[in-house]
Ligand SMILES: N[C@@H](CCC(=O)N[C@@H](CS)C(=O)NCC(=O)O)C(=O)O
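Below sits a lone chain in structure tokens, taken as the form predicted alone.
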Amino acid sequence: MKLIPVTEKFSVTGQIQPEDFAELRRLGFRTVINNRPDGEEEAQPGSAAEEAAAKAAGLEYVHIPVTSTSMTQEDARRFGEAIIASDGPVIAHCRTGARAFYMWVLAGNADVEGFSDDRLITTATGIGIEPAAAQTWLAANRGSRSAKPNVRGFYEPRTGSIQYVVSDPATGKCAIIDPVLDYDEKSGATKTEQADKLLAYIAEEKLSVEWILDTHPHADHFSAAPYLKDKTGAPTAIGAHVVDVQALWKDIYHWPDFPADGRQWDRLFADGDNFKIGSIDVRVMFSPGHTLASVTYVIGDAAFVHDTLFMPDSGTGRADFPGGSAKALWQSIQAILSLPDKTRIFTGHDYQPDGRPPRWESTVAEQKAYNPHITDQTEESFVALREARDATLPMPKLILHALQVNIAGGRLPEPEANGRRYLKIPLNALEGAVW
């Protein structure tokens, strides 16, 4: 059993035999990842025997079978999460260690960012991979996963919201994220000025819209997704747990016939789903806490987190809406912060603390270093901090206006017999809300 250290926490090796697991435990390892499909060779012990040996030795065991030509983003995500979840060093194995090493590269955890291609090739050579083969593989796989989209943010001052157009510079394809439909609660008027700014930019840059994405049903503005779909023909999408939000709020609005099945969007994304914007890979992370349905879109080197994280000088989003949870929010934040340190973080709101100009871009490293809701916090202290702060915050002034529109995918209520549309405001529905 030849162990090859890659980082302080991660090593690779070739096939492990059941009798090796106790020694791995003695050496300090806490998790074993097996990347071999069962039945590759007659002599291999197989995942059942390995798992039993791992359990007997007190080791966590994860089986993610891959071949050299079938390493999916979902496989890489699970691999990375297994490393993050381990309470100590991790060893991954396949037949020779090569697939395990490549899976570590694809997982893209923060420590991978510290490796240049030259260093990766040197490490691969130590595992027994030919340098030319490692260089070819890295050129084909590493670059595409760290693609850098163009990101244009549009600040909407009425609600402090930021809308985004995210585009692939190689293809001109783009996505719109969290678009705002203008709404004046004093007069009941709606306009499309904000959405039209997005369309003007898209036309000016000669972009083609592939997706219209919402991170969650918003409580402080109306979504302009239906309007933009009519203008562009692009499909709309949101996280699959929107059905949980729909079920909760249909009762608050007393809408027994409301279809709470997500049909109002063209696609519902589950945790770990993958798609593309042009040639750039996109991964969906379920990020509950602020709401039951919040998701993060990881687009190349950029993560769109909306109300999970604010700018480092502003902390984090609240977690006291119906279905919210400060504990779930902390766990979602930790998953986001496990992305590479250079990952650009784009938030969905900015309230300009101390009157500074609006800002919406930071990095994982900046969040970890400067956000007081994260730095030196534990889950327990964060939950206490978040819940104490939330107890002082009044509800957003548009929450009862906006949710009835946004759980319907941004569609305004149907006109009544006189041709006018009407909102429904439930009284005393949010018990204990701060005035």
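None of these values were measured; they are calculated from a predicted model. Residue indices: 1-based, along the sequence shown.
The form predicted in complex with this ligand is left out here; the points below concern that form.
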query	finding
Contact residue in the predicted bound form, from Y164, F310, W330, F101 (heavy atom within 4.5 Å of this ligand)	F310
A52, A369, A384, L393 - the one with a heavy atom within 4.5 Å of this ligand in the predicted bound form	L393
Partner contact for G108 in the predicted bound form: this ligand, 4.5 angstroms, heavy atom	no
Close approach of D220 to this ligand in the predicted bound form, 4.5 Å, heavy atom	yes
G317, heavy atom within 4.5 angstroms of this ligand in the predicted bound form	yes
Contact of R359 with this ligand in the predicted bound form (heavy atom, 4.5 Å)	no
This ligand in the predicted bound form: contacting segment from 74-82, 131-139, 345-353, 89-97, heavy atom within 4.5 Å	345-353
Full three-residue contact with this ligand in the predicted bound form, heavy atom 4.5 Å, for H290, R389 and K397	yes
